[in-house]
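One chain follows as structure tokens, the form predicted alone.
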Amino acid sequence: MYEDIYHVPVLLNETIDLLINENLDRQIIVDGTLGGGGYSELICKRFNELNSKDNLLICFDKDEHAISFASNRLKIYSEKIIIEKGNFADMRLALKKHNIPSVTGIVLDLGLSSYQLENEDGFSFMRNTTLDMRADKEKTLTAKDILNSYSAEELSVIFEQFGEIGNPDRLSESIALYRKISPFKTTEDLTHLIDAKYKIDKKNKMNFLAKIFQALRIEVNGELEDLKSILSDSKDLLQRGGRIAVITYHSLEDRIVKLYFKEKSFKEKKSKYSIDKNDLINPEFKLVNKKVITPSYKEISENPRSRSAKLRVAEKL
């Protein structure tokens, strides 16, 4: 199966069920994180079930491997699809290029694909590879560059903010000392440093390394800024009744999405002493699912990587 080769889409049916608002006449959906094409494939199948024959899917991915793989997977739907190599944060410009003023849905799966973890350099500490971590290989900044050139103070900020690591100065100072002897080149260079400097059991070591790699990956790819950018743009890109669905995998991403949706869907009653005639500050979104959706026990047992996933969906008012 395609999913076994590339990536198993998480909360697939739940996401697409909530993403598509069937009350809208024509569907123009954006898959901002194409990956292996799992969400896009189901979206196209749902298109076939709808009355409108003028539906359109626009897909974005920074990774050439993902685009090549998904393009082959989705070739039977090619007349309904536009595939863009690029960052979903640049969605506004790409849609303008195609003369698409607004869309009815945006889906973002913010997790790493199985392909990235198992085949691309730097994403996993379980394999010894070059410390790269670039989703877009046309970019220049790598994890190796960060470890070898950022000051200890800059590294501490990254590890604390993006990895939520306690006492980040200890880690940053260890890195600064290590690189004086031998520059960081591979994932093993980093794992060996942790083995030498931290006497922790296997489980805690794995959790610690996951936080370190997460922090470096976020910095390399500008992930949180991209997420904030597309959330901000979504209110202008979506038609009334259009929906945005976001699947997150760690607390930093989920907090950004949760707070944005909460802020934009909040009805604030003004003071009774206000001279303004409007009693309410009108929200821009409404929550489609008021309670976050997480994978079932069955899905987690079949795909352990799904265990941290959280789905939130909002609709443009």
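The first residue of the shown sequence is 1; numbering continues from there. Owing to the predicted nature of the structure, the values given are computational and were not obtained by experimental measurement.
The form predicted together with a small molecule is left out here; the points below concern that form.
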| item | value |
| --- | --- |
| The small molecule in the model of the complex: contacting segment from 158 to 166, 179 to 187, 144 to 152, 105 to 113, heavy atom within 4.5 Å | 105 to 113 |
| G36, D61 and F88 all contacting the small molecule in the model of the complex, non-hydrogen atom within 4.5 Å | yes |
| Residue among L193, I83, A135, I218 with a heavy atom within 4.5 Å of the small molecule in the model of the complex | A135 |
| Residue contact check: D226 to the small molecule in the model of the complex, 4.5 Å heavy atom | yes |
| Close approach of V257 to the small molecule in the model of the complex, 4.5 Å, heavy atom | no |
| Partner contact for A66 in the model of the complex: the small molecule, 4.5 angstroms, heavy atom | yes |
